[in-house]
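Take a look at this single chain, the form predicted on its own, given in structure tokens.
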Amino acid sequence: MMYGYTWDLTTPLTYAASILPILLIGLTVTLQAAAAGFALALVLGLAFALLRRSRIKAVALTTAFVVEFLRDTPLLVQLFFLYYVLPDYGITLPAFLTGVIALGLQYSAYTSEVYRGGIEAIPRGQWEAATALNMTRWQTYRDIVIPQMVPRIVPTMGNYLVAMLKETPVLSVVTVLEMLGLANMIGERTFEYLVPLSMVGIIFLLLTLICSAGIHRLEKVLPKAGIPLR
């Protein structure tokens, strides 16, 4: 029994039906962690990309070092550091929040490079035209850079969203009961792993297919909404 649900091991189908509600609880946690982590990665990544373009050399170099450090160290190490090391210094975070921060930090390094590539793809002449029109830096980004950058970065950002979604099982090591963690617990209690793990694999497959379809749809909608691809 788990979360008030019992499982029926009579046949594989009844077993699958009896554990599905439990896995759906884990699915909710998985989706919440991926959504929150990706939102954090988008915000931090944009901040890193802009800071790397700073005219202050010390700021640009420091940001570049932070991005490289986050990108070149394993997610699991960052997760353990946040969950086990920070409490030694008086900072204790809930397991779920720790997982979201770890995912957001790790992927912010990747999204920052995507943003940077999108910004640098804007022709130099358009930057010069904005300067000639006496546009502020904010107006330049709002009216010229971002409308052209967004369609370019959507496919890559979508790939990172799918990758993050598939990384969420790592959070189980800090007691976050996401979908794969619950499937593993069910297997430990019933000594039957094939059905729960197969169901998790199928659910992840469906999620990634849905995400991919949504990303392809977004790629087609953005130009129609008036955001040029070039």
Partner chain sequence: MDWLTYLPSLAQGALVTAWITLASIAIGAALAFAAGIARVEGGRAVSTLALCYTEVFRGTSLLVQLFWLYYALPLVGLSFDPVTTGIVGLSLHVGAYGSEIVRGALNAVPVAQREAARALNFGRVHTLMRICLPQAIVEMMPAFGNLAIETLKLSSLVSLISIADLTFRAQSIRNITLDSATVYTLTLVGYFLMSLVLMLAMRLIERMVRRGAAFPRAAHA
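Positions refer to the first chain, counted from 1. Remember, it's a predicted structure, so these values are computed and weren't measured experimentally.
If you look for the form predicted together with the partner chain, you will not find it shown, but the lines that follow are about it.
- Using a 4.5 Å cut-off to the partner chain in the predicted bound form, each of 65, 166 and 180 places a heavy atom inside that distance.
- At the 4.5 Å threshold, heavy atoms of residue 106 reach the partner chain in the predicted bound form.
- Interface membership of residue 194, defined by any non-hydrogen atom within 4.5 Å of the partner chain in the predicted bound form, is confirmed.
- Within this chain, residue 80 lines the site of the partner chain in the predicted bound form, having a heavy atom no more than 4.5 Å away.
- Although the partner is absent here, residue 116 is not a contact residue: none of its heavy atoms lies within 4.5 angstroms of the partner chain in the predicted bound form.
- Just one of 209, 13, 221, 24 comes within 4.5 Å of the partner chain in the predicted bound form, counting any heavy atom, and that one is 209.
- The single contact residue among 34, 186, 170, 44, judged by any heavy atom lying within 4.5 Å of the partner chain in the predicted bound form, is 170.
- Shown here without the partner chain, the chain has 65, 68, 69, 71, 72, 73, 74, 76, 77, 78 in 54 to 79 lying with a heavy atom within 4.5 Å of that partner in the predicted bound form.
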